[in-house]
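Quick heads-up: it's one chain on its own, the form predicted on its own, in structure tokens.
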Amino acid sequence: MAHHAEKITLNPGGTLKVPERPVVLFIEGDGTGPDIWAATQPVLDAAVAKAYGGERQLAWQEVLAGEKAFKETGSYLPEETLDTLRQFRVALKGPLTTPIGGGFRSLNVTLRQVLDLYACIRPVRYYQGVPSPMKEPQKIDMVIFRENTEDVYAGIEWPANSDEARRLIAFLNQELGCSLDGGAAIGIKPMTERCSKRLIRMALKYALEHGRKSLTLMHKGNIMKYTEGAFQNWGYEVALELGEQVVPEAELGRYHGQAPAGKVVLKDRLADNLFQQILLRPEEYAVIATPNLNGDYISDALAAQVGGLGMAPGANIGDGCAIFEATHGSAPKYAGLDKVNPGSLILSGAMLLEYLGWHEAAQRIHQALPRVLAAGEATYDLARQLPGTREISCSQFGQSLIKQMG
């Protein structure tokens, strides 16, 4: 290999400048993280090798987070890890454990907030052969852009009957004319123009660059008029910035109901209605931009329609920094058993390749996956739903993918 490892940098316009052998960081993760990482790395390396014949290569470098970091450094998220992520910009991450109801705060949330990874991006598509509860799962091919930094996930809340909650309720009742129960728990839902617009702008640019026909603003603006309703309004303002490239759905009449090639139709749907639509008419939706809570719900609901979180990739992306990750938990009871499905992390790795602009390598993975299932091989979670399929281990699944790349 002639090329030495180099950092990914940013061009003056903010786009990535990717060398032939970029340094890409990885965090193994907790629980089953080491198992799925060990199955994933060879798949990504093989896809790059087969697509570019040795001209390009990923230079992997480990950074520590989670239980492994705590054992080695005494911190679950060392400052050195954050500095390295800022410096090298792109990472692939296994699942990290967060205790429920106490202990340290979610590492995933902390990473997003500290690195300002404001867009949670979840592509949802169906791979032939994956068991699905839907009659026509192949109609689903959507990318969710979920705002990642505010909404009720900002974590601004106080327990029922606490001093803070009582003081806030007294203020709301006396100063602002509310009539809240004095013993209520209180949560605050902040949503800003800046954060909403940058998320919608990223989603619209993605739709234009990837030839997606529409972008749908998903919101509950009929009830939460000044937060979710504002998200909808800000979406239309961003569309105006992009001029003729974006056509609001209401103006489709000018084009006889069909937007011309190269333009994106801007739709908006109430959240409850869109949950119906993704079941009844999924083919009408390509990219969805939405506030934090809606995005959490709809991305998992869509993942279930195409076969569950075991195969759902995801990424948290900001301006010039991106972490690609398995979307499922760490499943500690299966740790070290070489058993679980590595599909989510492998497909997140394919997203990483696309982010680098290495689409040919990503395609190798997308094409190989249905071939493995067609050959009658799958990890236990899929094999038990597919009669006549041979159950293979986590690492064997990775090796079968490499074989099927041809």
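Counting begins at 1, following the sequence as shown. Since the model is a prediction, treat every value here as computed from it, not as a measurement.
Keep in mind that the form predicted together with a small molecule is missing from the display, and what follows is about it.
- Although the partner is absent from this view, H219 stays clear of the small molecule in the model of the complex, with no non-hydrogen atom inside 4.5 angstroms.
- Interface membership of E325, defined by any non-hydrogen atom within 4.5 Å of the small molecule in the model of the complex, is confirmed.
- For the chain shown alone, K333 is a contact residue for the small molecule in the model of the complex, at least one non-hydrogen atom being within 4.5 angstroms.
- Residue contact check for L96: one or more of its heavy atoms lie within 4.5 Å of the small molecule in the model of the complex.
- Heavy atoms within 4.5 Å of the small molecule in the model of the complex belong, among the stretches 176-184, 290-298, 159-167, 88-96, to residues of 88-96.
- Note on the partner interface in the model of the complex: the residue among P190, P133, G329, G211 having a heavy atom within 4.5 angstroms of the small molecule is G329.
- Distance criterion of 4.5 Å from any heavy atom to the small molecule in the model of the complex singles out D381 from the list D338, D45, D381, E354.
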